[in-house]
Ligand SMILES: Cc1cc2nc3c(=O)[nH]c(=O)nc-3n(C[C@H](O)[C@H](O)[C@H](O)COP(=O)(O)OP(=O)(O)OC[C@H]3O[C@@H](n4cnc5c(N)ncnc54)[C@H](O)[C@@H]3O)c2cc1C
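Have a look below at one chain only, the form predicted on its own, in structure tokens format.
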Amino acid sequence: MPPFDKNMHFTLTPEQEQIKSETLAIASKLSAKDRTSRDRESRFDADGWKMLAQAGFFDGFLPEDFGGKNWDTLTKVIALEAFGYSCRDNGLALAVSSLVWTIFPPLLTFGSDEQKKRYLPQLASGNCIAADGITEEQSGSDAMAMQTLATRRNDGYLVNGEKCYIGFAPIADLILLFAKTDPNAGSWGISAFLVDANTPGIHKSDNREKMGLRTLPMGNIAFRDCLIPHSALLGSEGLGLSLFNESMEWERSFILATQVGAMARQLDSCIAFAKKRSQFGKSISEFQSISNRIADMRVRLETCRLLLYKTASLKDQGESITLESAMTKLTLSESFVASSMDAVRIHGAQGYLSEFEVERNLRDATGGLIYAGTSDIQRNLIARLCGI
């Protein structure tokens, strides 16, 4: 049995309380905008993104050498949880998480000094939007199945292939591209690149309509004889899979931190509604079917928060979190779906109507079962790490 870690204390420090309070205030300003119409029109909140950057929120995820605040991992997830509570735009929340977990870590770990100086300030200021180009039509969790090729030449790499279901693809300025540089080298044949999205030969699709998370643009990026310079290589040639695996641990563990905040807001909303709504001469909160759903939502919230904080704490201590990463992703994603369904049932007809913003959480939550590794993949990983 794994030992209990006595060094894990999740009482927030004064600094973390302040960061939480400041984040709640920043995100509440974003929530004042018309979310329903943006969801209906699949429109990204570009002004909100810039406002968030100008408020210095992204700086917390960067080291001091690049003008950052150098938050530890636990503080980062606390800030993101607070953001998810106050920001009712789940698409924007996912966009924030995508930047800080899929773009920042590989750039900070593998980027050259020149690449860091060039891209990190632009990303943190909101002037540059980056897309994570890994997924292909026949290559999702199985990264080795990717077909995009980057052929090395004297004048650079010639890239051909297409990436699919990429967040930010239609409006991206920068692409973190994964491609095969040596198809015969197996796991050492994949490399990563930082590619200017305006490079000739790159074709970005229009925004693809989807079930939820509509305010985060998604599309395809095609590369047709696209020549990129040698300086675009991130890390060394052949390290792409290692880079992806390290980046995926960050993403899988913490990309749903904002959903914990959304679940807390959801719970507060359901409690308030249940107390106010009356049927058969009494508050519906007195009906056991309603109170049981509230209880289940609270248990899910606390379970998710503790698992998220534990995983972040272990990461800060330099411990392996391969198992915790999969468990966190699985638990948070499925819990948000379950609680969102409970919220719809508690609200009844209002829960089903878009204008009350209850059903949107259910649509948005469903995406969490898929991106950053499906629930089925997480269960396979957990079982394997349990020795099965």
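Sequential numbering from 1, following the sequence displayed. All of these numbers come straight from a predicted model, not from anything done at the bench.
As for the form predicted in complex with the named molecule, it is not shown, yet the points below apply to it.
Asks: Would you mind picking out the stretch of 129-137, 180-188, 305-313, 222-230 that comes within 4.5 angstroms of the named molecule in the model of the complex, counting non-hydrogen atoms?
Replies: The contacting stretch here is 129-137.
Asks: Quick one: is S242 in contact with the named molecule in the model of the complex, heavy atoms, 4.5 Å cut-off?
Replies: It does not: once the named molecule is placed as it appears in the model of the complex, S242 has no heavy atom within 4.5 Å of it.
Asks: Taking 4.5 angstroms as the cut-off for heavy atoms, does G167 touch the named molecule in the model of the complex?
Replies: Answer yes; at least one heavy atom of G167 falls within 4.5 Å of the named molecule in the model of the complex.
Asks: Contact between Q16 and the named molecule in the model of the complex at 4.5 Å, heavy atoms?
Replies: Judged by the heavy-atom cut-off of 4.5 Å, Q16 is well away from the named molecule in the model of the complex.
Asks: Classify S291 as contacting or not contacting the named molecule in the model of the complex by the rule of any non-hydrogen atom within 4.5 angstroms, answering yes or no.
Replies: S291: no, not in contact with the named molecule in the model of the complex.
Asks: Report the residue, out of A95, A124, M218, L74, that has at least one non-hydrogen atom within 4.5 angstroms of the named molecule in the model of the complex.
Replies: None of the others qualify; the residue that does is M218.
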